[in-house]
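Below are two forms of the same protein chain, given as structure tokens: structure 1, then structure 2.
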Structure 1
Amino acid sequence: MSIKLTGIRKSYGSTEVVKGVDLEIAEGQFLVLLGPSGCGKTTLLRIVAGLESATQGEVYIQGQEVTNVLPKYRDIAMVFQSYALYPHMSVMQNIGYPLLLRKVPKEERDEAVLKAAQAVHLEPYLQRYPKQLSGGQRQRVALARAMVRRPKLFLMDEPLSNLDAQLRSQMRAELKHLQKKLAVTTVYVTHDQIEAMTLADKVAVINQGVVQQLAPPREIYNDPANLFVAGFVGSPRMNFIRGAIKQGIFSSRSCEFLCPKMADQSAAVLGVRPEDISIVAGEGQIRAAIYSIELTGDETIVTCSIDDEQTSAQIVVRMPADFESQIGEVVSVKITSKRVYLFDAQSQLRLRADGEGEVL
């Protein structure tokens, strides 16, 4: 079951929320649409579902155009953020509803419901009503209802966002397991990058109605296409320092960094992840003053202020748990990895030297 979107645009009145999206998902893949709230990812999902019609562009499911097909004929199951359980039906009736609509005979239906319930460990609750269930159990009912009729396509709209942290990581693992077992093509919308990284075969990072990058999670993390993707994925987020490139040297007020292969650029941004830099006793590339120190247990997150064109610019450094220092102390920060990214501050695009990802 493959899906293809071509040139999808969607406007509400004069505001355009989806601005020309092309996407392709291969059969059995798990695609995550990742982006901040209001970026158009949910709208895109609803266009795939047929709940919303695109202003422009086409939707293909398995090579067939379905742009004007009503949702009920698309054979799609969707898990909503709110779960959308029918409060007047028991768990059993809820899960069985899609089969009831397909006129599946009762015995067959009950069997399928039982199997779906088993898959998500719901057998003891079949006779209960949604309001008698906990958040996690409701989530499972919604999943079971989506699975029970073996749809061609799963759509999930932030299904885990109403759960507490512990339950969320548990459900994440279960979800991944189920999806691989059923091998159903899945489109999953979230603003949580951890969900995106852990679940996806492919991530589409979306911002302001445009797909910023479509790639496997590893690539998104290691090889971001632009400033937005670099900043959005990763926690703590990537550090950015504004400056300019001149004759193979990136320089700003507090930082100097050699990048011999790069062309000159009057306004550039240097990006480096917190784990790729370190506070050192000797010489470093960045001069900074310690702003705050947070011990998380296995490591220390150190926030430093740097002198930049922007006032109160900060960088974050991941240090070992035994790191100790004083607030206000001036330190030098050394870039310890080859993973340094340079961006054009105007176009926000990644600057590359002769097709290489490396800049040193």
Structure 2
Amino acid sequence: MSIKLTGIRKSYGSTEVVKGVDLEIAEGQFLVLLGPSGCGKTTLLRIVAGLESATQGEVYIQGQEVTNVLPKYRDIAMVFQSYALYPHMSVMQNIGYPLLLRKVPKEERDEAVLKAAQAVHLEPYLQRYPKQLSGGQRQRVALARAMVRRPKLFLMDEPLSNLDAQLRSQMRAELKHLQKKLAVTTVYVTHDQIEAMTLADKVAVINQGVVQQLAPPREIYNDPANLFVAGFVGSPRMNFIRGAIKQGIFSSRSCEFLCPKMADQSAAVLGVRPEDISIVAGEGQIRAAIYSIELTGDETIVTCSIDDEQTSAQIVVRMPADFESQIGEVVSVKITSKRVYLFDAQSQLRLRADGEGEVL
């Protein structure tokens, strides 16, 4: 089932929370709406579901306009952050309840429930009640209940946010596998960029009610359109240094970087990811003092303090697990990759070399 949103706006009184969103989601695609709390992503999902009415714009599902069509006629299934299970019903009854409402015969209903339970590995728990399940098992019941209807569209609103880190990782793998197996168009809301990167076919990064960039996860990470996308996607986040570009050189108080094909810019921001810089014994482009050292197991995350153009700032460097140094030691940081980004400090848009589409 394909989805198309054209000119969607939503206002609550004088406050506009969705500002002219245009989106197209292909049949069978897994789209993630990614953004900080309050950016409008859940409101947009509810407009697709029919739970909210758009102030302006149209919603199309499979080519048919459904802007004013009731949710029950849109053939969708929703999974929420809260499990919303019936405590007095067993797992089997919870999963089968949508079919019971549709008056599906018991034999057919039981067969469908068993298949949905098998898909999320819940067969041993069918006779248990929600209070007898772990958080991850309850979330799988909610997923199975959505799946059992065989809808043409899944809408998911931060369904994994209540789970611990290990369960979230397991459920991400389960969700990805199930979505591809069922080939159901899915729209998934999250503020967790790791979920977005691992689950999505395409990511729509949203901020303040505006889609900042719509692209596959790899493109979002490697080719961010602006400062917001560059800083929001990535963990640890991208490092930013404020300065200016003059005669092919980006310079700030603590950094110089050659960018010979770039036009002069009086206020620019250099962005580089932690994996693309390294602390070296020789000369680098940045002088910094070590602020903290965190061993994470397979690598060491080193935070360094620098003097930016206007104020003190920090940069984060990924180093090997055996890296050792002392807090306060002044080090040289070298940019080790051509994957360096420059942004206009005023418009926050990405700067590109004339005719090249690359920074270098």
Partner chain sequence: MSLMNKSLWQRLSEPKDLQSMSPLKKIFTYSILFVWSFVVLFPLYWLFVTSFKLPIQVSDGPFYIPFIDFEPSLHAWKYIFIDLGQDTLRPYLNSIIIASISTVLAVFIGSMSAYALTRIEYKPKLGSIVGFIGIVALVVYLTVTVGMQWQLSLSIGVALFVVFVLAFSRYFTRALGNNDILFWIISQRIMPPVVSVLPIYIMFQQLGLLDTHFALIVTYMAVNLPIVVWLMRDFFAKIPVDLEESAMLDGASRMRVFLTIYLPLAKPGLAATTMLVLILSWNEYLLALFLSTADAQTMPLMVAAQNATRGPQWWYMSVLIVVMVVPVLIAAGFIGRLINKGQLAGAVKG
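Here, residue number means position along structure 1's sequence, counting from 1. We call the rigid core the largest set of C-alpha positions that still match within 1.5 Å between the two forms. Only a predicted model underlies this, so the values are computations on that prediction, with no experimental measurement involved.
Item to check | Structure identified as the form predicted together with the partner chain | outcome: Looking at both copies of the chain, structure 1 is the one that matches the description.
Checklist entry - Would the C-alpha of Pro124 be classed as shifted by 2 Å or more between the two structures after rigid-core alignment? => result Yes, shifts by 2 Å or more.
Checklist entry - Under a superposition restricted to the rigid core, does Pro87 display a Cα displacement of 2 angstroms or more between the two structures? => result Yes, the C-alpha position differs by at least 2 Å between the two structures.
Next on the checklist: My question is whether Leu163 is one of the residues whose C-alpha shifts by 2 Å or more between the two structures, given a fit on the rigid core.
Outcome noted: Comparing the forms between the two structures, which are aligned on their rigid core, Leu163 does not shift its C-alpha by 2 Å or more.
Item to check | Leu133 CA shift between the two structures in angstrom, with the core used for superposition | outcome: For Leu133, the C-alpha ends up 2.3 Å from its position in the other form.
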